[in-house]
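Take a look at this one chain, the form predicted on its own, written out in structure tokens.
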Amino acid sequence: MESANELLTILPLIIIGAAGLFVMMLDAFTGSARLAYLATILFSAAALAVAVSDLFGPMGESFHGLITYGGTSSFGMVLVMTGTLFSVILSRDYLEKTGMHIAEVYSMILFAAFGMLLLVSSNNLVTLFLGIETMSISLYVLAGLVKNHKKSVEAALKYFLLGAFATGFLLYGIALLYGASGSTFLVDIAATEDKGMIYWAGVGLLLVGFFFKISAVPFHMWTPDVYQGAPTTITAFMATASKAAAFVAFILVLSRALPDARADWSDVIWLFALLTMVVGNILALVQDNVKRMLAYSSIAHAGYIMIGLAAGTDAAYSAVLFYLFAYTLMNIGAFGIVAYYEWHKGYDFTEVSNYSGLGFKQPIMGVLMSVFLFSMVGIPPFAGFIGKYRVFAAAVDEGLISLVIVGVLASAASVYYYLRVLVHLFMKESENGIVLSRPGTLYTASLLILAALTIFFGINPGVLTDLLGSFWTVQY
């Protein structure tokens, strides 16, 4: 009976793991990408429903303390499955119209999601490492999906080489922390009395591994190339689900394994948050390629989120989780619009200038893009504004005023490159004479839901903030 109860604590993991195997076998016996697509949607929706229900359940540990459930871990699962579900829904039309619709895509997405779910529920550095590697290996494959496309192959190779390098840092950091504490459990590491050079070297290397996964400067080099080379809906998946999983795992490690060392790691994260915001926004300002602009934008958003990590309080972690939710909604939406434009063959929609006049040719797409970009800027009444406000407010409460000032200025600078896209959509005349096809009903409905959620949680954030304030990993 106890074993059955423990299995229930990882039910989303079981659903997604089984789904990955099922879709892989479905492909082997039927070769139908459409069946694989439908099965992936059903399993992802089921896992998301279970994860949402777990938010209102108990918090605790299972499998001899290797796994945490409820609270922050369950919300991490909600983030991962939200990113997975909407990325999959948007993928079929895009992949079909670009000639890349193969069933293997969906099994790899599911295996990547499985790794992310394991990552956000890890209470031990070993399970954390297994989650990161399962996620990363699947993403390496997805990044190189377009095998006959030079940029896609280059993206996958760069991602793999740099990812393997970062994995080495992470694994060596785990080994050093184990040597210093005698355990890989997060709570045991927190109880380490002898915090000598080995301990701090392990902490430093562990932070390097996380900085790579969240695209913090200067470990961001892979991000623009991978985001540009990968299929756009796969880029949306990597930019949201994988980044959310890495940040939730980062919160688990900081709040459970390193709470007493906050005075030491807070300054380090402060510095990297500053660099990430400034460099991400400066490089985004000079991009003409839309996907590279969104890539550097995601780097800048990682910097804003790191402000909350630097604050290191319960309120700050709550704000980070809200920001991650808003970030997931608006980024999948923005990449979904870009994917819609890209599936029109014969036209290059990678350049901002080629978006001229398109806002009036399919008005609903132009309006939805406006919602997502305004939210990214941090303009009320969208969820992105609430996310930034709560992160900045939590940091001000902890005296990080100078960092918040830089964050506000960096956010103001982002207005230029976000609104530049809208200027071309609505205020420039089209010179290519393209006729845009009508998007599918499910495709449009998904984008409308993302936009509606972005507006709803911007107007009524209390629904989510109250929930996030009711649980914390430190309470386990």
Partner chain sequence: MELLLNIVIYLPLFGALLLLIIRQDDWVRWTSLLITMATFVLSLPLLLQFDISLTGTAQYMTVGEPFLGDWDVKYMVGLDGLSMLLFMLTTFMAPIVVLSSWSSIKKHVAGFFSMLLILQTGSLGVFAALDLFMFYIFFELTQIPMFFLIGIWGGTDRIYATVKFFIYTLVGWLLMLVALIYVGFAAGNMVNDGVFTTDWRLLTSPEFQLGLVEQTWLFLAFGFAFCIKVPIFPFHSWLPLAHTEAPTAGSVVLAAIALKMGTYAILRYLIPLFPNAAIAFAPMFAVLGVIGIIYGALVAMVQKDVKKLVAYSSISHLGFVVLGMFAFNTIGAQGAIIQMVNHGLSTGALFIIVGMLYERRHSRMIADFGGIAKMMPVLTVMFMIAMLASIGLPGLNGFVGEFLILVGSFNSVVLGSYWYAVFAAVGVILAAGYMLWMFQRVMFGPITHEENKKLTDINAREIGLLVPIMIFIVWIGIRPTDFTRYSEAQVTWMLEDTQTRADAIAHNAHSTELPAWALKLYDVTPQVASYMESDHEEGATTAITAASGNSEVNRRENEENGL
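What you see is a predicted model, and the numbers here were worked out from it, not measured in a lab. Residue numbers count along the first chain shown, from 1.
This protein has a second form, the form predicted in complex with its partner chain, left out of what is shown; the following refers to that one.
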Practice task
Indicate whether its partner chain has at least one heavy atom within 4.5 Å of a heavy atom of Ala412 in the predicted bound form.
Solution key: yes
Exercise for the section: Give a yes or no for Trp343: in the predicted bound form, does one of its heavy atoms lie within 4.5 Å of a heavy atom belonging to its partner chain? Expected result: no
Exercise for the section: Using the partner position in the predicted bound form, report whether Gly20 sits within 4.5 Å of its partner chain, counting heavy atoms only. Expected result: no
Handout entry: Touches its partner chain in the predicted bound form: Arg292 (any heavy atom, 4.5 Å)
Key = no
Practice task
Indicate whether the candidate residues Ala393, Ile401 and Leu419 are all in contact with its partner chain in the predicted bound form, with contact defined as any heavy atom within 4.5 Å.
Solution key: yes
Problem - Listed residue (Val203, Val377, Ala103, Ile299) with a non-hydrogen atom within 4.5 angstroms of its partner chain in the predicted bound form - result: Val377
Exercise for the section: Would you mind picking the one in Leu42, Val435, Met427, Ala445 that has a heavy atom within 4.5 Å of its partner chain in the predicted bound form? Expected result: Met427
Handout entry: Segment that reaches its partner chain in the predicted bound form - one of 212-220, 379-387, 250-258, 333-341, heavy atoms within 4.5 Å
Key = 379-387
Completion exercise
When its partner chain is considered in the predicted bound form, the residues of 276-303 having a heavy atom within 4.5 Å of it are none
